[in-house]
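Quick heads-up: it's one chain on its own, the form predicted alone, in structure tokens.
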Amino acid sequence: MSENEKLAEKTVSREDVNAYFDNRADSIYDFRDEGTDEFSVNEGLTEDIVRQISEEKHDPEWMLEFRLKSLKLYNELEMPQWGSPIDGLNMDNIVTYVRPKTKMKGSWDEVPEEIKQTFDRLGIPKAEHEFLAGVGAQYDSELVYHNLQDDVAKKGVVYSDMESALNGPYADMVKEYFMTLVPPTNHKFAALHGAVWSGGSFVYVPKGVKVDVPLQSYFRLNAKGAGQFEHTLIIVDEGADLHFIEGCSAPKWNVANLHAGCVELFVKKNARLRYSTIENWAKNMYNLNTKRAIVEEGGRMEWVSGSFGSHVSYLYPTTILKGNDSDCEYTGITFSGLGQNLDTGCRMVHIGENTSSLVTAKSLVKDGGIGTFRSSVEVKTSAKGAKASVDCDSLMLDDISRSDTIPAMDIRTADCDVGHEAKIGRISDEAVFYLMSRGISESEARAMIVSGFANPISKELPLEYAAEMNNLIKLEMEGSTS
């Protein structure tokens, strides 16, 4: 029986899925590096392990207490019930902390060769040289490289790893903001993050400062059967402006890996923050990430999100429009293939008057993949004059995949304008025939149509990252059994 016939009869086993991806070598991200780890804790999650992580990180006393309270909450909270099944994830088999064989470096030449080669292949040094104001590169549980351009630092911009911020001049600011937007009580994996977090980025942009070129963090999880729990904390002060880019990837293993990071974004009065993400986790990854922003009066939050990997994803960036005249725009795309169940979406909470939100979401599904987009719009009684629009489009590349849009709206004032639109369709045979009649092959025609569908997302990204996203789509299309 052919692979297509198996998919059509929905009899694909876990072995079929593994074999399918074992036979594909079409991604620049799917490579492994041996012998790069220096230390790791034991598998599982216990109080002793949490204490060991805290000791390794040289935590202040308050952070150790925070971790232990979070561990207690993790053990008390129930597993999430809203999304796709995650019963293949067993925390008893996950290593929560892995330290690479290097301390963080400020010069690329000082990074160990075997680790440097990983980021060389991912294009990070080249990107930094050409168009980034600063870069942080995390390998497993620790940052191995960090740099900020002098002219940006002279403006008072702070960009460091979280551990340096926790124990340095900005320790009080970290303590004031850390996990206040995403408290450990939020859900079980927020509590897990609070217990075992490691690495990540701290950014503070002073009042009125505009960072003209982006900052970037890149997270690479190399270790087999491990979890990555980086914490990103960004504070953009009054009137300031920042574009922050996050990239992440991992090689594929035959066991579960876990990503349960946390992103907290604070956008102050009349400030602007754009947060762009391209994720290409391996197909054995459980991506249970939590991202949240709060926007003060006149502030603007922009999300640009591309999700192309993982076995299962739960990812719903939330924006709290607290201040009057604040606004948010979310632009995202997901691509679900064989063995993937991506449960994504976003949440907008309108509190201030005359707030506005705009959601544009695209999803692609093929080879039996499942894509679910959940949107939540909440308009509080105080949010008079609020405007909200949600537009979800899904393109199905075969008749064995599934795409769902699940909108939720909680409107508490009549003085608002809220709309939702969703469309699900397939590639038109007429469009394919038209392109083929002009000398284009069928596979190229389909890829062109898919690229056109994704164009509203790619045009929101910097040129290099738009090219990366288009390349990922091309690779996924080449692997299609359609």
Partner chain sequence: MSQKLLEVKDLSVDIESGRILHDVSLTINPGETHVLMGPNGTGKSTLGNALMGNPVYTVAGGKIFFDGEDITDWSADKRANAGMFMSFQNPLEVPGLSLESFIRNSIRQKTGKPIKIIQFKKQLEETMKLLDMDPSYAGRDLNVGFSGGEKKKAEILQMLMLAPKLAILDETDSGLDVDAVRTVSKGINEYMQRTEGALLIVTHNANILEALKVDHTHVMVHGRIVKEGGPEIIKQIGDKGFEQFA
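It should be emphasised that the depicted structure is a prediction, and the values quoted were computed from it without experimental measurement. Numbering follows the first chain given and starts at 1.
Below, we refer to the form predicted together with its partner chain, which is not included among the displayed structures.
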Report task. Spell out, yes or no, whether the shortest heavy atom distance between Phe66 and its partner chain in the predicted complex is within 4.5 Å. Result -> no
Query raised in the report: With the partner left out of view, is Glu55 within 4.5 angstroms of its partner chain in the predicted complex by any non-hydrogen atom?
Result: no
Query raised in the report: Asp417 near its partner chain in the predicted complex, any heavy atom under 4.5 Å?
Result: no
Query raised in the report: Can any non-hydrogen atom of Asp48 be found within 4.5 angstroms of its partner chain in the predicted complex?
Result: no
**Report entry** Stretch from 56-64, 434-442, 409-417, 40-48 whose residues place a heavy atom within 4.5 Å of its partner chain in the predicted complex
**Finding:** 434-442
Query raised in the report: Hey, with its partner chain in the predicted complex, do Ser428, Gly452 and Asn455 all fall inside the 4.5 Å heavy atom range?
Result: yes
